[in-house]
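Here we start with a single chain on its own, the form predicted on its own, put down as structure tokens.
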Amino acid sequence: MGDPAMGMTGELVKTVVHTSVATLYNNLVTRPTGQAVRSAIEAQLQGGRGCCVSVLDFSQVGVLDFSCADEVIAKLLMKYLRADRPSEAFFVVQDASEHHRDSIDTVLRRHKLLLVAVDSGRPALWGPAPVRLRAAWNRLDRMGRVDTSKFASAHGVNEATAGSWLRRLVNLRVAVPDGHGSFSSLPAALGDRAAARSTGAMTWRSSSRGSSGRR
């Protein structure tokens, strides 16, 4: 697969699509239900240009079984990890309960996928991330938008290593580049966009973030 960090230019996030996953069904059970929900999410993303973040709101979802989690989450993530993905879409899960997380985490581990989740303003990285990769993502999320040099200094590594970690996070679709040498976690990028444009699309901000690296 090509390196998305080298191909994306311009603003970090051009579009935010906020989707209530319970719009079609309150209880997400059976694989056909999951397929219908995923198709609806994909339809919302059609025709988008530039970097888009799709925020999947689980606040009104009752039951989520493994088959639906596989259809809605795993297959969606895998489609947009491919080199031939339809667009530069990234995904964030919002307000998923512990029950939802059990099902989601199971399919993430099964397919070796990572996903950004936010609950009550607290961002987290779900899925089977190695310890060092998870630490790098946490550092990036705390710093906000940051260039490789500042990230390297804060993380205690050389610039080559820092650049490798940041590009890996982008390729795993849990961070975004701005095309000019800076990177951001998805929650930080959304926070920047909401602050700059006051879109009202997001009701949360990534917490415990200092000013280091913020433009």
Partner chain sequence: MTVVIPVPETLDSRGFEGLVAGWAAAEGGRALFDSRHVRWVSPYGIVGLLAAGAAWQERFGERPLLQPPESKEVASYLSRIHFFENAHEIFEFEGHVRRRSATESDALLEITPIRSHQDVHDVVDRVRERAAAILGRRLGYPPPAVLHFSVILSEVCQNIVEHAGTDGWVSAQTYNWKQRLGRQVVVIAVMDVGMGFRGSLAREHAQRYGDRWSDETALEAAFLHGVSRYRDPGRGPGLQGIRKQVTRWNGLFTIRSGTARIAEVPDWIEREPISSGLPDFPGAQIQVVLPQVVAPGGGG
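Positions refer to the first chain, counted from 1. In this text, all values refer to a predicted model and were calculated from it rather than measured experimentally.
As for the form predicted in complex with its partner chain, it is not shown, yet the points below apply to it.
- With the partner omitted from this view, the residue of 132, 122, 79, 99 that lies near its partner chain in the predicted bound form is 99 [heavy atom within 4.5 Å].
- The listed set 53, 64, 188, 169 contains one residue whose heavy atoms approach its partner chain in the predicted bound form to within 4.5 Å, identified as 64.
- Partner proximity in the predicted bound form, defined as non-hydrogen atoms within 4.5 angstroms of its partner chain, places exactly one of 177-185, 152-160, 23-31, 39-47 at the interface: 23-31.
- With a 4.5 Å cutoff on heavy atoms, residue 139 does not count as touching its partner chain in the predicted bound form; it lies far away.
- Contact check for residue 110: a non-hydrogen atom falls within 4.5 Å of its partner chain in the predicted bound form.
- Of the heavy atoms in residue 57, none are within 4.5 Å of its partner chain in the predicted bound form.
- Proximity of residue 70 to its partner chain in the predicted bound form: non-hydrogen atoms within 4.5 Å are present.
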